[in-house]
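Provided below as structure tokens are two forms of one protein chain, presented individually as structure 1 and structure 2.
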Structure 1
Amino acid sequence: MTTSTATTIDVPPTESDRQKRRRLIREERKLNGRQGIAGWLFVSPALIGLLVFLVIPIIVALYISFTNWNGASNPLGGSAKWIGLDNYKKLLTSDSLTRTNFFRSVRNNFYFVLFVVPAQTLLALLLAVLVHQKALKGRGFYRTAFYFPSVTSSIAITLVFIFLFQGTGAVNKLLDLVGVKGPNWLQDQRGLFHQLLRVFGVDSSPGWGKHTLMGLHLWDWLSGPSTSMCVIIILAVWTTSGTFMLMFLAALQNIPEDVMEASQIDGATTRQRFWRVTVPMLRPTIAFVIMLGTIGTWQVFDQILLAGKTNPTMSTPAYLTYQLSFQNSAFGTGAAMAFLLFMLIIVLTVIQRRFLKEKI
């Protein structure tokens, strides 16, 4: 196996060359030995870094999730007590405030994902199709404009959005111009679905809505994203669509020209071509974008920390993990929540992969 590299292939295997070949094999062995050492030397700085700062800490954090560590002492020493599955029970089965907060944050995040992922995927596809047009003047400008928000700092952008979405901010001034009175965006905790139901005359929970599920009324489960969460939804769609647009653009450029031409000759209209040719050819990219979007949106953190610290309709599992651990010193519970979120993301990824693969 080790001798079958290109060096020996260059040498014709004639009798007269036998000695030369032997020498080469010997050299090759020596080289492999040298490569073995060099390989480990090359890879070990990064490998040690990943092990020390990533792999081992994750394992220790998993251990922490079974203890009541408060963040102050040595977690492996005496003061952190092993409490088994208590942290997980507190989050999943016991009727506690922690569980209610956790499932409320799951609800908030669920609606966030439900709105952001389809919106960012569709918008990115639309932008890509618009920018992809051959005859378009200034393609570079538009592409740059749409991608730019994606490369900037989440903190800086969130600050801008907080400014734009104040009660008397730029967005409401714009809405005023068209005669709409905008809400006090970031303070408004009313759910979108609740507000829609109110239009149809339903403004409080019917009898069945009083039942509780995981510490939350069924009525509250059906709230939809709050007005304040909608700001973060808009922000997320705005900052991510550019990245995904580029992915779609790359895929569009990979569609063979003749496929498009053939469909054109066959008399397909632009719309038919889009739905019957372009979209099916983009299926793998759509699947990939949806998967990346789902993984990303279940981890929304920076924006919440900045804009929704005290708003219960904006807290997400990622933010709650931070709050529990770093502000309430309940690192055990925080770690358990982080791992539940981890598992959720893995399960969703696996399901999506299987589901979307079938469709492709």
Structure 2
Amino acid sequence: MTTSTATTIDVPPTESDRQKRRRLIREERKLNGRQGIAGWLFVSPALIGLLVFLVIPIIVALYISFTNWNGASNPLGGSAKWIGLDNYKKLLTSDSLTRTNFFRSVRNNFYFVLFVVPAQTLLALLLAVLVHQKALKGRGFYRTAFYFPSVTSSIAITLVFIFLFQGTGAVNKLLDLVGVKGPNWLQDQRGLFHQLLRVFGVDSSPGWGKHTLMGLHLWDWLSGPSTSMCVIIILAVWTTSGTFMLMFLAALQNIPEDVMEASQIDGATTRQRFWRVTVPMLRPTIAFVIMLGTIGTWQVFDQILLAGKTNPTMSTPAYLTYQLSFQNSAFGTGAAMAFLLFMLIIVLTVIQRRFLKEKI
């Protein structure tokens, strides 16, 4: 029995085939070109907005940080004198009141970040786990209630906190009912750590604490957040936890049900499932929330503007930048401080990303 094999013969393309192919290529190129132009036209409003309202102001602000501009005229018209790095030296190396105020604000903001970021992250995670429970009735109501402070005007909430924590406010009234005399919260400049040390009999700075670092004594660096700043810390945690709760809630909803069921079949308790299954699978979200929280807390401004404008223990770099620029007309120094804060946030974010990446 014989088998026949079919053979294929390559037929060379004719001239008409080659012309048709070239015509198709030209038409495809024209189509791609028109699509590219249409795409640039669609994104051009956003790009123009970014250029006009973000890129150009940043470049101008960087130029102003090297001048002594006082804000009275056009900084690009020759009225601002170029002084090089003098503004940065005034903030970092010169022994001046400006440097002392700057590093005092950095200290205040450091303790603000140290207290707010862990507290808001933990509270947001607990709230997300709570409203994720299927057995909880009225989950929609609780989600809305927990998220509501995040979308309320920060100015309005700060004013409410000012009324609550003033000397004759509701908080002190409640403390009076239990026999505790409350402080003047928004004016008390005592550091939290210093107050705790007084319980153990440490009322003044030891010898080593009198050494100076960046215009402040070491004892001042270790003072902790002031009583006044603690009010803003409570305010920040309460108003930001709702937003991060939604992020954790979205991550919880993406955890496969079969993973939780498998751990339950293996005999894991509720606590074990939370710490050994839920938390490890939420590590990328936790890292993201911590990074956003750190960036946001280093930029705190409006609460300080309302509640702590006369309290040096509540001053932050963002507020001090505004004060130097718009109240003291030292726009060059204010711009330099803003860029120092920007670089500080970038450095801390890079360090944080590398550290958390190793943990994830």
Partner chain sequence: MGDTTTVEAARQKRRRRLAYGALTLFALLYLGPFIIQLATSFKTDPDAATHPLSLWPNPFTMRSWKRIFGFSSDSSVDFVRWLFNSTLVAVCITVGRVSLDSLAGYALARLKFPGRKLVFGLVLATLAVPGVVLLIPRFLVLKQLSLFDSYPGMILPIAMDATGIFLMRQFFLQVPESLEEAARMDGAGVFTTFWRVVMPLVRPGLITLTILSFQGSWNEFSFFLVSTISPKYYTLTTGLANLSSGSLGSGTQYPLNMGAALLTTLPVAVLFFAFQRRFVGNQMAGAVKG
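All figures in this text were calculated on a predicted structure; none of them were measured in a lab. Just so we're on the same page, residue numbers count up from 1 along structure 1's sequence. So that the term is clear: the rigid core is the largest set of C-alpha atoms that superpose within 1.5 Å between two forms.
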item: Selected structure - the one that is the form predicted in complex with its partner chain; value: 1
item: Rigid core superposed: residue 177 CA moves 2 Å or more between structure 1 and structure 2; value: yes
